[in-house]
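Okay, here we've got a single chain as structure tokens, the form predicted alone, with questions on binding and movement later.
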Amino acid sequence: MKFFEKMLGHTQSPPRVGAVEILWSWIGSFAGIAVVALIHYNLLDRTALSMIIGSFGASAVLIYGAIRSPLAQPRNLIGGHVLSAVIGVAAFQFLGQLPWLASAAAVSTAIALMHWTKTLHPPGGATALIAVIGGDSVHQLGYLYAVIPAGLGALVMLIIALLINNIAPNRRYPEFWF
């Protein structure tokens, strides 16, 4: 019975954040994603926007909306994406003929490595998975995927987070660097 009781939860939901906090989260996420997309649009490819990987949407939630979370800090953002991208590419290269196995190996190994390096960033799991299931445009990048889009995109989003999150007097980012 204890096993199932654990699934009931043991605390209440946190209170809703105020309108000002919501506005700053919106401004930050809009600016972060827009700048990454604009850089890609102007420098790389005007159609695919492959520098915008799906996991950046989840990173935006953390670094603009949950800025005090340990999972949203710079070390976690950059390290989580870059390390997970490398793991994802390796999983595809070694196990790509079995996509189900490559996917599982990429995500689980990325989680383990992020834990070990203190860079746990949940969107990193998606970054690893995208390296496996992302299709030819991602697979052709090989390990460059860890630099562009994963590393450069995360760095751009970090710079925007540093600027936007520190404008409001009641917001402060980051909590720590290392």
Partner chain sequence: MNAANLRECAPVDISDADVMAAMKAMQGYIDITPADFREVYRVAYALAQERMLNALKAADIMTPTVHVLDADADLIAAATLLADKGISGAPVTDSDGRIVGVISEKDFLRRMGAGPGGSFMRVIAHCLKSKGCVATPMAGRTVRDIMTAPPITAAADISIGAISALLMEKNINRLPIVDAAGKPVGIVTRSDLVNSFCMLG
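Remember, it's a predicted structure, so these values are computed and weren't measured experimentally. Residue numbers count along the first chain shown, from 1.
Although not depicted, the form predicted in complex with the partner chain is the subject of the following passage.
Stretch-level contact check against the partner chain in the predicted complex with heavy atoms at 4.5 Å: of 27-35, 60-68, 124-132, 146-154, the positive one is 60-68. For the chain shown alone, Gly9 is not a contact residue for the partner chain in the predicted complex, no non-hydrogen atom being within 4.5 angstroms. With a 4.5 Å cutoff on heavy atoms, Leu163 does not count as touching the partner chain in the predicted complex; it lies far away. Using a 4.5 angstroms threshold between heavy atoms, Val17 counts as touching the partner chain in the predicted complex. Shown here without the partner chain, the chain has Asn170, Arg171 in 157-173 lying with a heavy atom within 4.5 Å of that partner in the predicted complex.
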